[in-house]
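Okay, so we've got a single protein chain in two different forms coming up as structure tokens, structure 1 first and structure 2 after it.
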Structure 1
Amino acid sequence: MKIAVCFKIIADYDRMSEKDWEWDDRHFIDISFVRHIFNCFDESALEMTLKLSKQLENLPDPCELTALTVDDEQGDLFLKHLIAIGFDHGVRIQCDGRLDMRFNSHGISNLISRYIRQEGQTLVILGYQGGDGDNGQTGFLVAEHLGWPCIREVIEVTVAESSDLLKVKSRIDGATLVQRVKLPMVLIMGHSLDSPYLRVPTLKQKLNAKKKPLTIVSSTELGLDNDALHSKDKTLMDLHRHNPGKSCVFLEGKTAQEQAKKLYDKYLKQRLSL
């Protein structure tokens, strides 16, 4: 089984102060000094895939894991991290730096699906959404390009009777749905309590991963030039920083019981009586 997990790295915006939120005439914010992290949904997808590959070890068909991202050179460190913890290949799709791909789900999905067709993976796993766009469209568009069935809000994947059959748990309308599916398939990862965090490599694994090369593929090698990738359905007009306006109320009380009673009387009693 050949599995591709698509991931995106994002800036840790919680580490930015209010004065750092300044953008230039192209609506780009300088985040070069900010630590970057895995998108949380993608992190769950990556960890779940590693657990799935462990189950596939006992089957006759070999399992081949590819970590795939659309990014510039900053993605290489994260690809090396994934190779260190068990992925066989680290692949980065490089676009023209002049293109703004932040809100271009059509362009990103086109790049991913073209690479998948070229390499012949039979299972594609993506996170539900990832900054900066948080559009939640990329996984569905990849499935549409490939012409494959798609399951959203996945929380767990295990091997069924054979290597081309999987048991997929997903959430739908507040309930848990369990399906047996046949590959090829696109899975879109939701909130997973079973695989919330990605494992950490050992020093030995990191050193071994440094010796393994990454695969860098340009958008033109996939048959897509700047005009084909340019977002024609939307134009970024302006940016503004959302202020959620959250406030904090401290509950006074000498003991935890007193504080709990005030919490119940002031905030919970009326809601529970509805």
Structure 2
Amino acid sequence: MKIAVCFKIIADYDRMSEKDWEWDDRHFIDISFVRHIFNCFDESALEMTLKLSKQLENLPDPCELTALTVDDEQGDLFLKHLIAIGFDHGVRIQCDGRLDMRFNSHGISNLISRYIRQEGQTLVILGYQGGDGDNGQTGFLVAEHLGWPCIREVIEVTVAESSDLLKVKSRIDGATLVQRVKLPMVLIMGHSLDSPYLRVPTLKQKLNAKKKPLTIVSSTELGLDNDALHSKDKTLMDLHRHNPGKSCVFLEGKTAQEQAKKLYDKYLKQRLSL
């Protein structure tokens, strides 16, 4: 079985201070100095896939894992990390840097689905949302482009009796849905307690991964020029930073006891009807 997991690395916004939230004429924000991390939903998707591949080892059909990202060179380090922990291929789709892909889930999903079709994968797994655009639409659109069914808010996946049948647990309104489904399929990860975090590679794994080449594919190689990738869905007009409008009163005190007493006497007592 050929499985592709699509992931995105994002800036750790927690590390940004108020003054960093500034944008240029094209509404771009400089986040290059901020630490980048895996989007947490993608992290679950990647870890769950590694677990799934372990189960597939016992079946006759060999399993091939591809980690796929649409990004520039900053994605390479993360792809190496994924190769170190067990992915067979690290693939980066590179677009023309002049294109604004932040809010363009259509363009991103078009690129992903073309690659999937070209490589003959039968299972695509993605995180539920994340990144600058906060679009939350890429997985659904990959399913539409491919014409495949899709399950969202997935929390656990295991192999059913053969390699083209999976048992998928997902969250729906007020319930957990357990389905036995046939591939091909797109799975969109939700909050998975089964695979909350991505495993860490050992030093040896890291060194081995260094030697493995990554595959870099340009958007034109996938048959999509800038015109075809241009967003036909929406245009960004402007950005706005919310001002919480609050000024926090800090409670000082020599001891925690003093602080707690102040908090209770001054602010909580009248609010807690104890």
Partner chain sequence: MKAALVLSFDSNSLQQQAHEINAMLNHTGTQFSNVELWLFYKDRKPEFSPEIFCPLSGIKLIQVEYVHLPESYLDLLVALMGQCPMDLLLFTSDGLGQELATRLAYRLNGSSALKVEDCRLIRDTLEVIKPVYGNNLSARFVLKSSPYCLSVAKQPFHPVKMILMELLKIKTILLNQTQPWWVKEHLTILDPPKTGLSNTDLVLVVGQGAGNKKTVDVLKGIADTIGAEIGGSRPAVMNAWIDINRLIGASGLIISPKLCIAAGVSGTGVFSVGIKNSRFIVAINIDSKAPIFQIADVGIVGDLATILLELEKVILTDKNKKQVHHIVESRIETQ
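FYI, numbering is relative to structure 1, first residue = 1. Treat the numbers as computed from the prediction; the structure is a model and nothing was measured. Here the rigid core means the biggest group of C-alpha atoms that line up within 1.5 Å when the two forms are laid on top of each other.
Of the two forms shown, structure 1 is the one predicted on its own. Core superposition gives residue 265 a CA displacement of 13.8 Å between structures 1 and 2.
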